[in-house]
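Next comes just one chain, in structure tokens: the form predicted on its own.
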Amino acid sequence: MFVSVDGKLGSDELARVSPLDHGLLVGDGVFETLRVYDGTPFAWRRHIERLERSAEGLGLHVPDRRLLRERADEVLSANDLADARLRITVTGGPSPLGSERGDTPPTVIVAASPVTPWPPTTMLVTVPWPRNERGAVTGLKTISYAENVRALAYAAERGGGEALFTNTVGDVCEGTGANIFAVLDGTLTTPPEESGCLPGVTRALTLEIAAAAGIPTSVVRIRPEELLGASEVFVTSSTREIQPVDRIDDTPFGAPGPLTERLAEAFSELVRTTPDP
């Protein structure tokens, strides 16, 4: 696999990142994952805007958008990938062996891989660790993913395909890499950013698609018992797109529900017609 590290394209086996890189040492970095369709990264503008917001939140500098796009296209071409998962990572760069950041430029890594299809539905497993909706990096897409790794493994051990986090006040928050949607009394509902969830690109597009179709939407707190009483539940992410949920812990759901199917079809149409919505 060919990757770009600080603008240098080469084999992943020969690519070098310093063992003193702050991303490796303390998880100091941000990233974006984009879905690539027919050689084109989908929703590029929205993803790069979020990358810049996340970087600003950590005090990191992101290279010029044009430069990032050139590196992304170069990586996709070198790997001969038309449909892919594209990841852009920006870290604090080589730094001292502590929390303080060094004075070197950030490390910028662009990589891509073939897409692994998701199953048609997924099961959510509620994990016992809450999201901190008031944390310093809440709402930022950082590379500090150890909590997500542990939660996803916990869910997998129980037959799930994604974890379900509540927050410190017990409200529904998000998955490890996906936002949560529920149909409650005919209204498409998702937790607000104040719940501690990441403001997902696919989340925003789903709300926009629903509004354009005249589907009632609501961005409000959701209690776990409300979620379990929903008529439909689905998750969204750049690679999952809109994925129906067929079970949450011991509660089954009919999946996909009619509203979920309608939104999934509309999202597929958006991908076909508007590569950078």
Ligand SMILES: Cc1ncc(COP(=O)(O)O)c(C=O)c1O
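In this text, residue numbers run from 1 along the sequence as written. In this text, all values refer to a predicted model and were calculated from it rather than measured experimentally.
FYI, the form predicted in complex with the ligand isn't displayed, but the following is about it.
Of the stretches 243-251, 208-216, 66-74, 47-55, only 47-55 has residues with a heavy atom within 4.5 Å of the ligand in the predicted bound form. Contact check for Ala178: a heavy atom falls within 4.5 Å of the ligand in the predicted bound form. At the 4.5 Å threshold, heavy atoms of Thr202 reach the ligand in the predicted bound form. The ligand in the predicted bound form is not approached by Trp118, whose heavy atoms all lie more than 4.5 angstroms from it. In the predicted bound form, Glu174 approaches the ligand with a heavy atom inside 4.5 Å. Checked against the ligand in the predicted bound form, the candidates Val125, Val110, Ala84, Leu198 yield a single residue with a heavy atom inside 4.5 Å, and that residue is Leu198. In the predicted bound form, Arg131, Lys141 are the residues of 109-142 with at least one heavy atom within 4.5 Å of the ligand, listed from first to last.
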